[in-house]
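There is one chain below, alone, in structure tokens, taken in the form predicted on its own.
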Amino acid sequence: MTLCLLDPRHGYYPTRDPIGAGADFITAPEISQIFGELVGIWLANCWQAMGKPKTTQLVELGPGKGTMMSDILRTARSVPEFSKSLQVHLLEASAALVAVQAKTLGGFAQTINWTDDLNDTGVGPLLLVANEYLDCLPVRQFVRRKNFWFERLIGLSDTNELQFTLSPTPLAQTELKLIPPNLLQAPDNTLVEIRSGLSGFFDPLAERAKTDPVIALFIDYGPTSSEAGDSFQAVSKHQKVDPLKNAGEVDLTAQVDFAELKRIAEQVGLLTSNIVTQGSWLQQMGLLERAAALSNGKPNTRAKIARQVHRLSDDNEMGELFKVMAVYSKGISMPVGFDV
């Protein structure tokens, strides 16, 4: 996944702009401006909970076309002190998308900084947002056979085609901790995915939290509790395709295990919110009210906005599949939007 997505010469993200109706996939901020606006309102509320610091580092992981950040910064203008406090940092691997982001965000007063290191995001209070970022982080897969766990690998067939295979050696006892505890004794042929990279993902946030308040928002697709199953997939032109074909030419993702995310964050001393569905979170943040305001006096756009709201929040669209969770430092109350 790392090679196919991030290789600087042949990788998927560094060599193209993959987002949009005519590209490979579309994300929630591209569906409706309301999504980014509600994230902006949430961030302003978090800033107030931090004590309204004069300088706030605002970080977005994988900011796409810069659409969500644009909506966030536009919304922030309604709280001038908050807007003035922001220093913006974008973590982006695609040179093509950096150019798009620079154009999208060029009209805002805030200085936009690009980096590939979460530690390189200024000093002071930190607000972080990550929408559909974690699903692109590499996964490992394990299969249970005859009471042993074997890693599922990718090798070459006799005709030099990529194919799945199993390691001939079962996992050592010390590696069994990689398997979620509730799945360790699963039946034969059970497949489990884990993101080993998450173990160090929260370390910079935990270190930052020792001196400054930190609040992070994660929105992605995946289950609330650890589940077995193969979710590794490739997407091209909005269609699922074989993930082992056309390496570097297609997007690769896998579902995010939010229970694992929560457990790892808490292990390093951070607090976590309830895990809620995207539909629930958006409605708690004022989705329907904002849609009504945008539709007011504009009958020609009412049906379009209704379709956008449906796609973002309906249980059969993104509303149930996508989950939302906040991670934050001690001394801060659970942020808004997470009532269950």
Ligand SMILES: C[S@@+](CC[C@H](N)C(=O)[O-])C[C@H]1O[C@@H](n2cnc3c(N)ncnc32)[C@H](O)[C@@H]1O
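Numbering starts at 1 and follows the sequence shown. Remember, predicted model here, so these are calculated numbers, not experimental data.
The same protein also has a form predicted in complex with the named molecule, omitted here; what follows describes it.
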- Message: Residue-level question: is Gly36 within 4.5 Å of the named molecule in the predicted bound form, judged on heavy atoms?
- Response: no
- Query: Any chance Cys4 has a heavy atom within 4.5 Å of the named molecule in the predicted bound form?
  - Reply: no
- Message: So in the predicted bound form, is the named molecule close enough to Leu176 to count as touching (4.5 Å, heavy atoms)?
- Response: no
- Item | the named molecule contact in the predicted bound form: Tyr133, any heavy atom under 4.5 Å | yes
- Query: Quick one: which of 44-52, 273-281, 303-311, 57-65 gets within 4.5 Å of the named molecule in the predicted bound form, going by heavy atoms?
  - Reply: 57-65
- Message: Can you pick out, from Ala93, Ala186, Ile154, Val241, the residue that has a heavy atom within 4.5 Å of the named molecule in the predicted bound form?
- Response: Ala93
- Item | The unique member of Ala247, Val100, Leu137, Ala234 whose heavy atoms fall within 4.5 Å of the named molecule in the predicted bound form | Leu137
